[in-house]
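A single chain, nothing else alongside it, follows as structure tokens in the form predicted alone.
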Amino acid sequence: MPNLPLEMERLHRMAADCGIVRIGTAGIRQLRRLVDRIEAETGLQFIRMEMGIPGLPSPDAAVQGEIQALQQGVGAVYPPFEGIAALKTEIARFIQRYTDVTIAPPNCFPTLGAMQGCYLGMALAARRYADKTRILFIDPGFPVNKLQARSLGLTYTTFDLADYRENKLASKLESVLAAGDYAAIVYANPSNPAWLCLSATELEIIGAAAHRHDLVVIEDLAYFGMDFRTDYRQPGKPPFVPTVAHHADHYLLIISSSKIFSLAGQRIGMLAISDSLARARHAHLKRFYPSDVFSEALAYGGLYAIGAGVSHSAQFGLLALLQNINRGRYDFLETVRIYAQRAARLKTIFRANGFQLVYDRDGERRLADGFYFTVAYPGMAGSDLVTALMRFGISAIALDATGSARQGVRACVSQIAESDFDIIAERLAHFQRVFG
């Protein structure tokens, strides 16, 4: 085990070997590769907080559902790329029971993770009209979504939600959208990394703005129901998980199976299109897809063209899980509540060692504890803090990469084990002695 802090020269040498010019601005997977390299070369076991990998086992219902499907031979058969009919029905039922929003099963699709759903959503939204090709990201947000926009040849604008809450959000949206060339608004609720949660008023503001400017709202619900300040655990009963679907006509709901169901390795997410958007016709879509009907263009020109469907067995695994959830036999939100408990403990440890929470209020409310939290150290830029923490065997990413206007880092709690808390406290105390 090496002495801490690691020498800067040694750290930079290993970073260069991984093709990283500046550690503090490296991407998530670049940092992961670097940490793997440091652990292998030094024997130091890192506290891994840089990547949002689920830290819980997959639910037994999903595992057994997939095993049974494979034993019955589905591995030898191409999956229906629009999704097996029973799964589409259960996706629609899941949305209805937890959000009180009704979407027809034909407009619900399994996707190759939530990322594919967001990619297709932006592509289709930006091809409805020839002159609307810009995306508005309400940040902080998932960095890869901007990479997706660039790969599609789209331009985008961002702003930090923390600076424009409630009525300020309405005026900000109007000032941005007045340009007239926006195709979609994209955001996550709760957000990655700030864990900000949009209020019902703010969702109504977004829905109204989208209607006025004829935009598609792409709502990323990767952390569906994980605002643990409210108990959303009872399917079919209020309170329901907040969504823009109550306030907008044209929207896509993107639901990941990675965090809420711990199925990250199966690469299966859910995409639901509002019924009104699904049947909408846009002549410009025919330039790119075989149909001018939005849902048909997405299915036959999007899902089919870039993946030809989610793994057949994974669809059956998700089907079995949703059947259990929708019928009240599996409480997925109680299972993932442990992330909030970890976050609360970690925030206390960081604060006790001189760190400050970057996002600590959610509008007028105390910020919820969840999958991520954000911290800063006085006098340090976020990118410098990433490097400094690496020297003490703690990995995180700079907030700059997420579109945040603030300095600090994002910490993910998913990989923290019970035995790690004392180690983190010891390393942060050492950090404070060196940098305090």
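Everything numeric in this text was worked out from a predicted model, so none of it was measured. Residue indices: 1-based, along the sequence shown.
The form predicted in complex with a further copy of the same chain exists for this protein as well; it is not shown, and the discussion that follows is about that form.
Taking the partner from the other structure, a further copy of the same chain in the predicted bound form has no heavy atom within 4.5 Å of any heavy atom of Gly379. Although the partner is absent here, Gly141 is not a contact residue: none of its heavy atoms lies within 4.5 angstroms of a further copy of the same chain in the predicted bound form. Mapping the unseen interface onto this chain, Ser262 counts among the residues with a heavy atom inside 4.5 Å of a further copy of the same chain in the predicted bound form. Proximity of Ala183 to a further copy of the same chain in the predicted bound form: non-hydrogen atoms within 4.5 Å are absent; the residue sits far from the partner. Each of Gly52, Lys286 and Tyr289 is positioned with at least one heavy atom within 4.5 Å of a further copy of the same chain in the predicted bound form.
Of the candidates Ala340, Met115, Ile103, Ala210, Met115 is the one whose heavy atoms come within 4.5 Å of a further copy of the same chain in the predicted bound form; the others do not. The partner is absent here, but in the predicted bound form a heavy atom of Ala308, alone among Ala179, Ala308, Ala200, Ala352, sits within 4.5 Å of a further copy of the same chain. Contact with a further copy of the same chain in the predicted bound form, defined as any heavy atom within 4.5 Å, is confined among 234 to 242, 161 to 169, 141 to 149, 95 to 103 to 141 to 149. In the predicted bound form, a further copy of the same chain lies within 4.5 angstroms of at least one heavy atom of each of the following residues of 73 to 111: Val74, Gly75, Ala76, Val77, Tyr78, Pro79, Phe81, in sequence order.
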